[in-house]
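First, one chain by itself in structure tokens, the form predicted on its own.
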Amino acid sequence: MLDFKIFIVEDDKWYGNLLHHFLSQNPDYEVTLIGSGKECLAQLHRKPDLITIDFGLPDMNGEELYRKIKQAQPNVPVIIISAQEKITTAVDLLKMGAEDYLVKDENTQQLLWKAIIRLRENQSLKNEITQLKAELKTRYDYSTSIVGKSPALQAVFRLIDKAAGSMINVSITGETGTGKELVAKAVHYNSNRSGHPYVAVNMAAIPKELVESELFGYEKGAFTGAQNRKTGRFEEANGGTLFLDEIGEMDLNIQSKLLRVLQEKELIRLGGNSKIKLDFRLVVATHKNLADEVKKGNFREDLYYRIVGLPIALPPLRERKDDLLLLTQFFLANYCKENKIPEIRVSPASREKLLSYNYPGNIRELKSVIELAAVMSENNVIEPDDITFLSGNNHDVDTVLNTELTLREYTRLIIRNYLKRYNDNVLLVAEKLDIGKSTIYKMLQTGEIEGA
């Protein structure tokens, strides 16, 4: 968890320092002492997690300050600490929404400590419920969120069911853009850990020098700049699922430390001595062949066997052509809904154009292509000219080699590509390809190929 920021608003410096010292004994608390109501309001941009205010401040009373705090940040909890014992004042403030009302006496410190613990427990429950509602509301009935009916995808669904029904580690492989994180979330939210955190970490996005502190966390003073304790991602995932995306990018040194965590089910924060027990389900993903990476010496063999668990291989979109038009309609419907516009259709000629392409960027590329086509379309119909393939000329030569075509069809594609490249200069194209110009003229005249 992130540090819990507490503002103590107290004009009595001695009493304020007393509370500050007492609360600072918890290394998770970042405590700030503030001497006036105006200064408190000026510091609200720092987004405190809790504010305690003295009811009798010199520049404004507790009720006035409370109202102004709530106007600026309605969700921040406020605890009133006052020398007044008037029941009516306490009742009025509690009715307004104050978290608690404490009278200054010899028990105030302990009562405040307990009030903060209770508050954090309640906030943790609220955050967990909010997170679950948001996730479950939008996705993870995977039969509707992962779109398709092809045999290859049905095989993936069966593996998700098996993974969700057990605690085995899961390794997801597939090209970039095939939906690896969707599968990871489907496994988590359909398992008995769905009521606990789902924590995703993209290993390729974290600088190498920060990976260890990000995963393991650190204690205050562990290194220069470590001013407070930080909980790592392993701890955040406790009870739930940790998803390590692009695990093939993990440094060998970190791999050995990950192996130990998985074996011992515990960790020690950087700069710490205490062992922290862990209980999480590991799901990993990569676009690399980890078995090959082991042979090359880039990935530890013992870690490979520890994480491989239940392998789920996602097929590239070019092997799911049966699903392509279903995905197209899915992305179009979402686009129209998000932009509050009427339904957009895809013309028959556009469907043919979409089916002819190989999608090296897979589902992610198809989504971009469809959304751009929707923007470019007129009269709520996507025509072939509205469709732009983002991989450029690779469609005409490189990616099409993965498609089964006749020699004549390959010839047409190559000639069309060269005509486009050389501005319909038939003589130059014939020379470049070492074929007769009459062959090109004849294909142009019969409509077998079109000029640029």
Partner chain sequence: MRADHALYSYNYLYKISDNPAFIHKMISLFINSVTEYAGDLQQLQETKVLHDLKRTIHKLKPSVLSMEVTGAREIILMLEEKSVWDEDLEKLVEQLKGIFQQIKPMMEADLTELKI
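Positions refer to the first chain, counted from 1. We call the rigid core whatever largest set of C-alpha positions still superposes within 1.5 Å between the two forms. Bear in mind the structure is a predicted one, so any value in this text is a computation, not a measurement.
There is another form of the same protein, the form predicted in complex with its partner chain; it is not shown, and what comes next is about it.
| said: in the predicted complex, does each of Ser194, Gly239 and Glu264 have a heavy atom within 4.5 Å of its partner chain? | reply: No residue of the spot touches its partner chain in the predicted complex.
| its partner chain isn't shown here, but in the predicted complex which of Lys353, Arg318, Lys104, Lys230 has a heavy atom within 4.5 Å of it? | Contact residue from the list: Lys104.
| field | Proximity to its partner chain in the predicted complex, single hit among Leu57, Ile415, Val426, Val31 (heavy atom within 4.5 Å) | value | Of Leu57, Ile415, Val426, Val31, the residue with a heavy atom within 4.5 Å of its partner chain in the predicted complex is Leu57.
| in the predicted complex, does Ala83 have a heavy atom within 4.5 Å of its partner chain? | Output for Ala83 is yes: heavy atoms within 4.5 Å of its partner chain.
| message | Is it the case that Ile435, even though its partner is missing from this view, gets within 4.5 Å of its partner chain in the predicted complex, heavy atoms only? | response | No, Ile435 stays farther than 4.5 Å from its partner chain in the predicted complex.
| said: Please determine whether Asp11 contacts its partner chain in the predicted complex, using a 4.5 Å cut-off between heavy atoms. | reply: Asp11: contacts its partner chain in the predicted complex.
| query | Can you check whether Asn17 is within 4.5 Å of its partner chain in the predicted complex, heavy atom basis? | reply | Looking in the predicted complex, residue contacts with its partner chain include Asn17, since a heavy atom lies within 4.5 Å.
| Okay, which stretch from 416-424, 43-51, 57-65, 379-387 lines its partner chain in the predicted complex, with non-hydrogen atoms inside 4.5 Å? | In the other structure, the partner sits against 57-65.
| message | Aligned on the rigid core, do the two forms place the Cα of Pro384 2 Å or more apart, comparing between the shown form and the other one? | response | Not so; Pro384 is displaced by less than 2 Å.
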